[in-house]
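The chain that follows stands alone, in the form predicted alone, written as C-alpha cells.
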Amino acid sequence: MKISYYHVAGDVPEGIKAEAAVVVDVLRATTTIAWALNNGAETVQTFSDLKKLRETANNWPKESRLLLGERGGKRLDGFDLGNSPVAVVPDVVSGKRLFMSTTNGTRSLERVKNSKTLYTMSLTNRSAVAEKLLERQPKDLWIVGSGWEGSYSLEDSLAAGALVQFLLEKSHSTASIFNDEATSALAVWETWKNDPEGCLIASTHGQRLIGLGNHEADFKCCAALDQLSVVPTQNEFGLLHAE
C-alpha cells in the first residue's frame, strides 16, 4: 500500500484515480459524518453545490430528511443543523437522510468521488478506517485533507499523520509512504499526539471557531481518538453509509 497525502482537493492529481481514498476534515465535517452514522442516520449525502442540495432534498420526504450546512463556520440559513458533531444525536438523526454541504470537506469528497473505494475519516474513527484499509490492502491510498478555502490546515495533517502512523505500525511492512506530504503529516502527529485537542485549538481554523463562539464541546469531540467503529463508505456517488 503506497500512501500519499494531499493537503487540499486542488492538490489531487487530475486524470487518474486512486484505488482507495480517505477524505479528512477534522474540524468538523468528517467528525460530524462519523457521529451521525454512528447515531443512526440512514445516509449522509454530500454536496459542494447548495442549489443542487436543495433541489435533491426537496425530492425526499420532509419527515425523513435533515439539511446540514455551514459556510465560514456558521450554520446556513434555513438549514436544520450546522456542522457540529455534538448536535447529531440519535433523537435528531436516527433514520434520517442527511443532506450536507460544508465550506471545505464536501469539496474534497467531490474531487475523489470516482475512487474505487472512498471513506471519510476523523480522529474519532481513525483505527476503524485503518483496519478496513489493512483488510482490503489497496495498492495505493490517497489521504485527502480539506484545508480552509484551498489552503493548508494543521488539524487535517494531524489526522492524516495519525492514520499513516497506524498503517505503518500494523501493516507488517506492506504499507509505505509515497510522498513528502505524508512524511510531514506523520511528523505533525508525532509532535501533537499527546495533545490532539491542543493542536485543534492552536490551528487557524480552531482559532476561527473560537472567534465565532463557544466550541469547547466540538473541540473535545473532534480530538477524541479511536472512539467509534463506524467507517463512512461511499457505495453510490455522494452517498455515505456506515460500514
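Heads up: residue numbers just count along the shown sequence, starting at 1. What you see is a predicted model, and the numbers here were worked out from it, not measured in a lab.
The same protein has a further form, the form predicted together with a small molecule, not shown here; the description that follows concerns it.
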- Query: Looking in the predicted bound form, any heavy atom of Glu181 within 4.5 Å of the small molecule?
  - Reply: no
- Task: Could you confirm whether Leu209 comes within 4.5 Å of the small molecule in the predicted bound form, counting heavy atoms only?
- Result: yes
- Message: So in the predicted bound form, is the small molecule close enough to Phe99 to count as touching (4.5 Å, heavy atoms)?
- Response: no
- Should Asn83 be counted as a contact of the small molecule in the predicted bound form, where contact means heavy atoms within 4.5 Å? yes
- Task: Identify, from the list Leu200, Ala29, Ala185, Ala41, the residue with a heavy atom within 4.5 Å of the small molecule in the predicted bound form.
- Result: Ala29
- Item | Contact assignment for the small molecule in the predicted bound form, among Phe166, Tyr119, Phe79, Trp148, heavy atom within 4.5 Å | Trp148
- Quick one: which of 137-145, 102-110, 123-131, 169-177 gets within 4.5 Å of the small molecule in the predicted bound form, going by heavy atoms? 102-110
